[in-house]
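Below you will find one chain, with nothing else, as structure tokens; this is the form predicted on its own, and questions on how it binds or moves follow later.
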């Protein structure tokens, strides 16, 4: 792979925020004269390096009642050496979509001889495992894991921790292009290979997000992404006194994180999770509030933003879904102890203008799931180890 060298790095305390790096070419050839560290601002990430990171990576795919053809395509795009963990919150009633997903995953894994696990978000075994591990934050009033994308991601992280993987990537299940999925994971690996610290995160910026309206047109930005990025950048500006546009991936559903960093982060519930991750990095490692981990501060946090070559096309959820995403995401910024009144006014203005909040309303206080580094992994494993065979994709019922 050929990728742009980081042209600019903005520092917010111990957080090194790299400006967007474009993928120049998806493949760099088995042999090339270009030095590995690049020339004229271009870096070569060789295939062996990419594969070495893929083998240490889990790809978590949250899913809820998606089209099976899309789900199958996403699975087919994940590199073979990655462990796949599917966390489903699909219906299990008269029409058991979860069973359909298991069957589809089983067939793909059987044909391709790959490893994968699939678990339902409402599985009482997982709920009991997190309860025994002292991790009640993620449980609802019914004693089961709460609904929400964030909660699915946390379940995936817990499973990845049991599998002793070093990196975890998250990919949505509604992507129409398997080739884009393949690129996301390769981009994750490329980003991690550039990190100077074991505490690192790679966030994907889509090259284009195509829309169909009489014909296909290639849209660059969605309104939710533009607004979230603007408010995150304003949060940084309020502390540095220098305006910036460095954050371009505030709502990056496709992103990856090193396990060492993942263990330190709380995760905002539902669709607030992606902007919540960035907000928490600034709070905990920005040098303004007390640090939460001295080693991480010493080594620094590497944040990479990589723009893909592939466009991204996914299922449209409607305007209400976008409003809910915007409201929950900006709530994590609004209620941050770093958030100044000027940024709060900007957030309220954007929410009202886009119909996500009444003129006299305030964003709801988000719920945060505690960092998984605090759980007792041995107790979690003791509960689920007898059930791992059932969770394995090739399990025969």
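Numbering follows the first chain given and starts at 1. Predicted model only: the values in this text are computed from it and were never measured.
Keep in mind that the form predicted in complex with a small molecule is missing from the display, and what follows is about it.
You can rule out all but one of 239-247, 168-176, 226-234, 280-288: in the predicted bound form, only 168-176 has residues with a heavy atom within 4.5 Å of the small molecule. Looking at residue 149, you'd find a heavy atom of it within 4.5 angstroms of the small molecule in the predicted bound form.
Residue 202 falls outside the set of residues with a heavy atom inside 4.5 Å of the small molecule in the predicted bound form. Not displayed here, the small molecule is kept clear of residue 269 by more than 4.5 Å at the level of heavy atoms in the predicted bound form. When contacts are judged by a 4.5 Å heavy atom cut-off, residue 189 does not count as touching the small molecule in the predicted bound form.
This chain appears without its partner; in the predicted bound form, the one residue of 99, 321, 309, 110 with a heavy atom within 4.5 Å of the small molecule is 321. None of 367, 344, 64, 44 but one reaches within 4.5 angstroms of the small molecule in the predicted bound form through a heavy atom, and that residue is 64.
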